[in-house]
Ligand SMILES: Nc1ncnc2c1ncn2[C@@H]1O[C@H](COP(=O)(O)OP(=O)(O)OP(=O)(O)O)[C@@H](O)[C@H]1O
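Here's a solo chain for you in structure tokens, the form predicted alone.
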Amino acid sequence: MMKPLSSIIEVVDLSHSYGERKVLQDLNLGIGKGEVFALIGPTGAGKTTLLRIIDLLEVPGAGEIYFDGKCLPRSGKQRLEIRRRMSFIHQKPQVFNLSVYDNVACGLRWRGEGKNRIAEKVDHILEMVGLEGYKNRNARTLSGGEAQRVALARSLVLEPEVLLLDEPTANLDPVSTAKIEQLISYVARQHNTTMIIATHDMSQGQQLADRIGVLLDGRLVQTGNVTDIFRSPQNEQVAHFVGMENIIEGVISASNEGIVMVNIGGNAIQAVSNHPAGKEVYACIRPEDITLALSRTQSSARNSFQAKVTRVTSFGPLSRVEINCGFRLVALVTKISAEELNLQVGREVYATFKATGVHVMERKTS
């Protein structure tokens, strides 16, 4: 049984259960050669299970996996041959009680590579991951970030066609995380390695991936590029997950040549949409797309509302500002802006956002 070769991995009608618990349901997904695909979703969504099935560590309850166009058998020698073309990096890296050099070399030795060739490859890969000075260190004495780089080196030295990464930076500090992300990006671009990264860190998905899939409760609910996922979520569930904090119920009161008026309890939001008048919708606005000012400013933005600040929460360089303008809105501004505007509870402000910054989503009514 053959599939078209445009995808190196094709998941078809995949479902999987552990006992009575359904972990994955009716998944269909194609991963292109050289593509970096991020699988985002909360803990327990089924991300690790999907990676394990793709890596042939588990046999799916239903459905098929195709690798390079060939349907994979459920047992036998061919599975091992395919597995050798892939590599899996776990959330908590397992390192052997050996030197860094021997940790990285072990896979090549198992495959029967010559001693000189192993030395050449290991030295090259240790330099790539920034561990060339650690060759003789026992890998068990390394920090979490260094151990993760050893795990990456051990995988990359085998030159896999597909690299699967399960929460590769979940337990690391920010500096180590940045190093691992730079490495992943470098390998993807320079070696054209196909990668599937499972992560609950949405900024990591945005930064590294060509395409993103949202996995919620075992279902792949949306796939697309960063703009598709974060600015045009397909349903309320995805919108909540990707941080679209302003999800406002309304009804389209007028629709004219791609511009609609969304009635929000007597207030009107202008948006770009082709939904007809009378349609029940959600108007979705990302908090960072809302501008706050002390007076109504001249602007091309179609939406401007007088509002009162109801809450201000600061975290790092940003401030999250909740306001009431006849309906609740959340804005995200820099802490410096919040201080300059003296934003505090009761302060009157004007909230402004563009019609193009409003994503209109059909509201399913039961």
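Don't overthink the numbering: it's just position in the shown sequence, from 1. Given the structure is predicted, the values throughout are model-derived calculations rather than measurements.
Quick note: we don't show the form predicted together with the named molecule, though the next part is all about it.
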| query | finding |
| --- | --- |
| Option from 336-344, 312-320, 46-54, 62-70 whose residues, in the predicted bound form, bring a heavy atom within 4.5 Å of the named molecule | 46-54 |
| All of Arg21, Gln91 and His200 with a heavy atom within 4.5 Å of the named molecule in the predicted bound form | yes |
| One residue of Glu245, Glu113, Glu161, Glu167 in contact with the named molecule, assessed in the predicted bound form (non-hydrogen atom, 4.5 angstroms) | Glu167 |
| Residue contact check: Gly326 to the named molecule in the predicted bound form, 4.5 Å heavy atom | no |
| Interface membership of Pro42, the named molecule in the predicted bound form, 4.5 Å heavy atom rule | yes |
